[in-house]
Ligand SMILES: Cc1cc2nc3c(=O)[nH]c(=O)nc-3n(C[C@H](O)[C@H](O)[C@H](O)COP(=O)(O)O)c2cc1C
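In structure tokens, one chain follows: the form predicted alone.
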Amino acid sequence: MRMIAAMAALALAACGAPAGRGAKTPEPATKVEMGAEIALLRPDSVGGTTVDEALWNRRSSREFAAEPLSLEELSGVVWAAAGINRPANDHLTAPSALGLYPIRTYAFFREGVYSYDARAHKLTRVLEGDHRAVSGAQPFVATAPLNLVFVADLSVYEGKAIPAEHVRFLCGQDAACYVENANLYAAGHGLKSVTRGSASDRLLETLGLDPARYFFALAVSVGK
């Protein structure tokens, strides 16, 4: 019996599986079905690299493969940027000044533009067709598999007696946290990303948003 156990241990080691545990078989990636709504997967509480490894790996990339993200990757990066991690009070993964959460998240794909509903953890299509070019000023944006655009809704500050110039600062501060969450998720899951501070002048018009109430805050492009 001892010899059989020893031979089994050697077989596991030869296959690269740690002693005492079976090797975990990676689950196949799920293709994103680009319908009127995209139901995102519930994020894992454990996954990817360590935070330290993600910080070491984080860097800006402006070249992406044409391959789209899997549903697992899309679900993860959107949740990391703007998802709810405390359902009891709808607080997000990203901090927000005064807890007002003025940032609205839009996902630009080749197939269309979607808005993110954090409570339902889903994307809802607001525009069909390829509008990626208006989500940024750089040429690579038009072909990036995913552009997450963060738009600030100034109406959440009404009645708060905060100077207008400071409100814009607070919105930019919030958006920066969303973007860096996305960057760290990408770095920790083998994806590429880059933070962007510019968009087309036609962005708000394309999204049907009133420029008196909304303004472009930041964006991040994500791919493989």
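Residues carry their position along the shown sequence, with the first being 1. Note that this is a predicted model, so its numbers are computed, not measured.
The next section is about a form of this same protein that is not shown, the form predicted together with the named molecule.
This chain is drawn without the named molecule; in the predicted bound form, the residue among 143, 85, 124, 138 with a heavy atom within 4.5 Å of it is 138. Of the residues 160, 166, 31, 59, just one reaches the named molecule in the predicted bound form with a heavy atom at 4.5 Å or closer; this is 59. Listed stretches are 189 to 197, 32 to 40, 152 to 160, 45 to 53; the contact stretch with the named molecule in the predicted bound form is 189 to 197, by a heavy atom cutoff of 4.5 Å. The closest heavy atom approach of residue 222 to the named molecule in the predicted bound form falls outside 4.5 Å. Within 4.5 angstroms of the named molecule in the predicted bound form, the stretch 204 to 224 places a non-hydrogen atom from 218 alone.
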